[in-house]
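The chain below stands alone, shown as structure tokens; this is the form predicted on its own.
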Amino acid sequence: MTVHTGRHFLQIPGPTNVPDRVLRAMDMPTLDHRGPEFAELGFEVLAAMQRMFRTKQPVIIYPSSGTGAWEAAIVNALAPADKVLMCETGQFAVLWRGIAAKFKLDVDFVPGDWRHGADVDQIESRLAADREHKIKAVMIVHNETSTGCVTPPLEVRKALDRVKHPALLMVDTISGLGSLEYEHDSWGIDVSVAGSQKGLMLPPGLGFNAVSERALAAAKANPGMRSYWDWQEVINFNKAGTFPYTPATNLLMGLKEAVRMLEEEGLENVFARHKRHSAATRSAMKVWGLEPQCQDANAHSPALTGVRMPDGHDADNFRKVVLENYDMSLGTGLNKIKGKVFRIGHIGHFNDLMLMGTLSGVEMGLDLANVPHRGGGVLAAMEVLKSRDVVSMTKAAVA
């Protein structure tokens, strides 16, 4: 067995690295979840998540994974036999479709190549053809974690508005929230789905639904059965800062600290940092001569980069070489791109030196695994990161 020293490099696109401040915040005695101290925490985290989603509408917090938040969105807003429009952008779109099918929704699934975001023109065309408004919801993945491709929710909202279609807009932003710009209210999103283990820098265990007035009205009119996931029951308890069942108390303590950290940095700075790290990673990849999984230059994810392996080379074998020799975990390819792609996470609690260590491990791993590539990718990434410092220093000098 190989013995490693130092800290393990966790560079998968989720669950992400948990900051020490958040770990310390969770390292507390259990609270009485029916007492006044917990109610104060409850009010704080509910308000904090409204700020994260950029909404004045309710945000429902579940002790669940993101998958639970997917299910909650479906069982509240939709009923069996409802028609929905979804797009095949990658594995997580496929999984959400699978849940929709289990709840007997009539899914119109727009095929995709896993190398682009959703085709907004196709969405608009299908909505325009739906003159009887049978489509009850358009369901998209904002940041497709399996491929590194982004679908802009605002563009989908504009498509809905252009054809005057009343369908709900439901968005999975599980790996987008806290990593990419997101505006629940001003983008006209009806249901936003998120989880704790990505840009929010927490362990898995919290799921979120942000819901519009239209979504709440749809849920109220929906006769479908639900209990644990019922929005309205949670909202009613939230008025007192509590929940209808035992909440994940210590994760909520961590959530309070995580949002505090993001707001101390400033959300615009957080988003800019993710974009810089994405650009630096793609600069390294270009020098290496490797191809990004995402083929749309306007859709590259700030949160992660999917990297295609050359023909004849297995991505999982490469990941194994990197793990065994450099104690670094890279994301695997999922489903139809398994063995063809590895993923570099640059999301959450992350900085320039962590990225340089990550890219150094990748470049050394390419050498050790005998993967054809050109050297110098790390230096190219360094130049991208250094350019930020030059800009900052110039601005400071002018000021």
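All of these numbers come straight from a predicted model, not from anything done at the bench. All residue numbers refer to positions in the sequence shown, first residue = 1.
Missing here is the form predicted in complex with a small molecule; even so, the following discussion is about that form.
Just one of N238, S283, Q197, S212 has a heavy atom within 4.5 Å of the small molecule in the model of the complex. Which one? By the 4.5 Å criterion, the partner-contacting residue is Q197.
Listed residue (T67, S360, Q50, N335) with a non-hydrogen atom within 4.5 angstroms of the small molecule in the model of the complex: By the 4.5 Å heavy-atom cutoff, the listed residue in contact is T67.
Does the small molecule come within 4.5 Å of a heavy atom in each of W114, T147 and T305 in the model of the complex? Result no, not one residue of the spot touches the small molecule.
Taking the small molecule as it sits in the model of the complex, is W288 near enough to touch it, meaning that at least one heavy atom pair lies within 4.5 angstroms? Flag for W288 set to no.
Evaluate M139 for contact with the small molecule in the model of the complex, applying a 4.5 angstroms cut-off between non-hydrogen atoms, and reply yes or no. No - in the model of the complex, heavy atoms of M139 and the small molecule never come within 4.5 Å of each other.
Report yes if any heavy atom of Y326 sits within 4.5 Å of a heavy atom of the small molecule in the model of the complex; otherwise report no. Although the small molecule is absent here, Y326 would stay clear of it in the model of the complex, with no heavy atoms inside 4.5 Å.
Check whether S192 has any heavy atom within 4.5 Å of a heavy atom of the small molecule in the model of the complex, and answer yes or no. No, no contact at 4.5 Å.
Spot the stretch among 118 to 126, 226 to 234, 105 to 113, 167 to 175 with residues whose non-hydrogen atoms come within 4.5 Å of the small molecule in the model of the complex. Of the stretches listed, the one contacting the partner is 167 to 175.
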